[in-house]
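Here's a solo chain for you in structure tokens, the form predicted on its own.
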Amino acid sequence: MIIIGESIHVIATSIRKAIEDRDKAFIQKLAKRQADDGANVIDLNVGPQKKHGAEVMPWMVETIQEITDLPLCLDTTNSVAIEAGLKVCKNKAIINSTDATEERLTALMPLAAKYNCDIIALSLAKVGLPTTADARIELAAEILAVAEAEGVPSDHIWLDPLVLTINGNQDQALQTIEAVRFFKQMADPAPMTTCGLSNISNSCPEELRPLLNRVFMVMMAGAGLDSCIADALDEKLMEVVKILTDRDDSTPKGKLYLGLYDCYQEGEMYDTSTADMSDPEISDIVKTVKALQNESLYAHGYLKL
């Protein structure tokens, strides 16, 4: 699982101020923490930056490259800022992101071809959010067709099925998982897959969000998810990544996560009735699986039920 560290995000007041002040030390410290904790890619979300994007993005890229050689994910809706950043990237970068709209595809897919970089592509169109796996697959097919026409290899495309929160969209978790499974079969070589992991827990209580995120990650990984934009500073999340990487079944938790992964790799639902619910940690994981599998109704107090 490739972890794209999400912590450098302009939505945070401290990040926004550091960008405005050109505070290299602050940005570098956060990038280094993510790298040290296991991030494979660093996302640089600078926001729209309509006025100063062409200055801000290359400054961010060069600031990070002073302290790490990790690949960078250039995250802004400003295509001019994207290209300015790509010009100073030392390693192959990722553009974050296009979608299936003509405006975004025509602005960004040529940049992916020109700079031989990867590009995240959301299964999103102007008509609204996709609510089925089939709708997501249709949008992915449109994106891949444009990529082929522009000369962007299919394995340079990181398809994102657009994860929706379990709070109010509970049925969408399984639709998203199925979309990822089919994404991996849509081209040869297979496209990469990614997602904004924390979207699954948006608007959920803060104490529930890390658990929902890491359980959903395992289910998506089994279906073929290659990467996710996630919190690399979340120790428990990174512990689960290591369990999957090492196939470490030396603990009950490890056995459960690997069993869940294997079920979704086979295209099957996980049988929650087989779990030992006497262990509180195992019980919380299993209850989360049941909610994500739409077997029990999600409510903010679902762990207490």
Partner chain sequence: MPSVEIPLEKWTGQVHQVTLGAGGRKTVTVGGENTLPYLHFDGTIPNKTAVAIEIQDIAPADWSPTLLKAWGDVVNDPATWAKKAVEYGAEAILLNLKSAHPDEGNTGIAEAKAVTDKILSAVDVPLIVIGTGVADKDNEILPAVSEAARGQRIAIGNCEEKNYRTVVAVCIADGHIAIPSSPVDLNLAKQLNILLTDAGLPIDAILMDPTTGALGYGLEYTYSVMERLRMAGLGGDKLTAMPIINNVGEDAWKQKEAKVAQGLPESWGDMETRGIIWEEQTAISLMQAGSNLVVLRHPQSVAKVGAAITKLMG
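Residue numbers count along the first chain shown, from 1. Keep in mind that what you see is a predicted model, and the values were worked out from it rather than measured.
The form predicted in complex with its partner chain exists for this protein as well; it is not shown, and the discussion that follows is about that form.
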query: Triple contact flag Ala125, Leu129 and Gln172 to its partner chain in the model of the complex, non-hydrogen atom at 4.5 angstroms; finding: no
query: Answer range among 102 to 110, 230 to 238, 78 to 86, 164 to 172 for contact with its partner chain, defined in the model of the complex as heavy atoms within 4.5 Å; finding: 164 to 172
query: 4.5 angstroms heavy atom contact with its partner chain in the model of the complex for Ser296; finding: yes
